Ligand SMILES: NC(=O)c1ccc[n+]([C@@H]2O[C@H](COP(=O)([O-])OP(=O)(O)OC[C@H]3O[C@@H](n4cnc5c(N)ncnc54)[C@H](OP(=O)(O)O)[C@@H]3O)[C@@H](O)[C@H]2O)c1
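Take a look at this single chain in structure tokens; it is the form predicted on its own.
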Amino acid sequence: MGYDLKDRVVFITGASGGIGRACAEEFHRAGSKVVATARSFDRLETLAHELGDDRVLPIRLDVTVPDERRAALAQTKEHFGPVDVLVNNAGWACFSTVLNMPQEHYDRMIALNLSAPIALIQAVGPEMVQRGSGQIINIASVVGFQTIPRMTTYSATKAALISLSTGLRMELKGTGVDVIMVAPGSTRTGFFEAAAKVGTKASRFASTQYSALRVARAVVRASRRRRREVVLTPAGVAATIVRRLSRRFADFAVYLVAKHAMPEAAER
């Protein structure tokens, strides 16, 4: 059976731009009540104005702050009701070797990319189980399957999110709650521009990229069809297949790509 999105309360993190914003637009188009959260409240207000009706609730939220998470979920419940679909999308990266990674940067990646999604799942999951219905959608990345040098720590957080999705799905089997993992490949967003760079010159790996809208449509389609896992972009699919066939070859190929696209500063 499919999942009817009409009038579902969809809580999206990192909705001020990129994939999160596009997800807000697409879930709204599907008839859902959208709670768009991010730290940039002015962008959320613009989004709400553009969508133009009472099915959008913008909330300023730093997902790494427990009090803000509790307040955002309380406001959601008061305005729309309990969360039906949680979309853990907010994320951030620092491009650096592990040895050169500043502690504040890996602390932030772990807090934003992994700890916050777990906290939100723990906050909304019990009510979903009690109702016997709901969805948890985790936006991971193909680099969670195939680590990229100088994105190692970021890749590790996404690999953890993939493992979290797999284990949580097994734990919730039979409860009526779906756990969906979506792993985009190279996407046209501000991700590279927003990332910190320490001793590394970073450029995009793939010339062929999905738009954020295309990713969001895949997310909504996965929600409706109750898909377990979705890997996006031809390059992303190819990387996962090659790694299954030969880890040594996959690592060597990615090493060469990263050496060109993301060299250490000393190599310039």
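Every value quoted in this text rests on a predicted model; they were computed, and no experiment measured them. Counting begins at 1, following the sequence as shown.
What follows is about the form predicted in complex with the ligand, which we do not show.
J.: Among the candidate residues 152, 146, 76, 186, which is the single one with a non-hydrogen atom no more than 4.5 Å from the ligand in the predicted complex?
T.: That would be 186.
J.: Find the only residue in 112, 196, 162, 123 having a heavy atom within 4.5 Å of the ligand in the predicted complex.
T.: Of the candidates 112, 196, 162, 123, 112 is the one lying within 4.5 Å of the ligand in the predicted complex.
J.: Taking 4.5 angstroms as the cut-off for heavy atoms, does residue 89 touch the ligand in the predicted complex?
T.: Yes.
J.: Even though the ligand is not shown here, does residue 15 get within 4.5 Å of it in the predicted complex, heavy atoms only?
T.: Within the cut-off, so yes.
J.: For residue 174, is any heavy atom within 4.5 Å of the ligand in the predicted complex, or not?
T.: Residue 174 lies outside the contact set for the ligand.
J.: Is residue 24 one of the residues lying within 4.5 Å of the ligand in the predicted complex, judged by heavy atom distances?
T.: Outside the cut-off, so no.
J.: 219 to 227, 50 to 58, 24 to 32, 37 to 45: which one contacts the ligand in the predicted complex at 4.5 Å, heavy atom to heavy atom?
T.: Selected range: 37 to 45.
J.: Judged by heavy atom distances of 4.5 Å or less, which residues of 115 to 143 approach the ligand in the predicted complex?
T.: Residues within 4.5 Å: 139, 140, 141.
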